[in-house]
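The chain that follows stands alone, in the form predicted on its own, written as structure tokens.
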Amino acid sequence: MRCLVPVDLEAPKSRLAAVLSPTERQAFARAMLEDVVSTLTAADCQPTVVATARIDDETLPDRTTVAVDDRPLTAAINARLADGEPTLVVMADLPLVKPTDVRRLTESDAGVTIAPGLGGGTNALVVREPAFRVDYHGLSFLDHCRAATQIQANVETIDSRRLATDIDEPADLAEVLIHSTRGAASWLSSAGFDLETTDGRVSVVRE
């Protein structure tokens, strides 16, 4: 099964601008990408990173390739789905994902298998139905469910906290430090981030 990991490392994670500089956002996004790609290779996938610009691939696993595509996300993925090949798409900001989560996706025989994000986006999906096309704008999980229904493709939803946790907001950084010890978590620690508990709620602080 083809495996795609779309990523924008030119100006990533704008919602983290309050806590990270542009250069830091690039470095953190790269650390998350490396965590995701390493997980995919551990799950016996051969990922292709679909990047908006050329990136250094020396630190990516050996079975990883990089394809440069500067089109918007929806267009870039749909161009590849057009050939009908079964495809796994995993977002690059899921540093908590584990090989068992990936296998839950790839072992499904549904026409469309979706792992929704906590905010209603689509964090990962497997497309086996040749007529299906993605649309990543807005509330894409529900949009993708409707699109699959319209072409009479059966849909399976994967309920996984690790797949659902994409890192977009400053508050999300706590999830990385709590639940991971890998590259993204190490990067945050080296950048001075630590956990703080106030009034029973966990957040992050930066020294």
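A residue's number is simply how far along the shown sequence it sits, counting from 1. Quantities reported herein were computed from a predicted structural model and do not represent experimental measurements.
One more form of this protein should be noted, the form predicted in complex with a further copy of the same chain, which is absent from this view; the next part is about it.
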Task: Partner-proximal stretch of 57-65, 158-166, 37-45, 23-31 relative to a further copy of the same chain in the predicted bound form, 4.5 angstroms, heavy atom - done: 158-166
TODO: Decide whether R201 counts as a contact residue for a further copy of the same chain in the predicted bound form under a heavy atom distance cut-off of 4.5 Å.
DONE: yes
TODO: Using the partner position in the predicted bound form, report whether A53 sits within 4.5 Å of a further copy of the same chain, counting heavy atoms only.
DONE: no
Open item on the list: Within 4.5 Å, heavy atoms only: does G119 come near a further copy of the same chain in the predicted bound form?
Closed with: yes
Open item on the list: Is D101 part of the interface with a further copy of the same chain in the predicted bound form - any heavy atom within 4.5 Å?
Closed with: yes
Task: Complete contact of G138, L142 and L195 with a further copy of the same chain in the predicted bound form (any heavy atom, 4.5 Å) - done: yes
- [ ] Note that a further copy of the same chain is not shown here; using its position in the predicted bound form, name the residues of 15-45 with a heavy atom within 4.5 Å of it, in sequence order.
- [x] R15
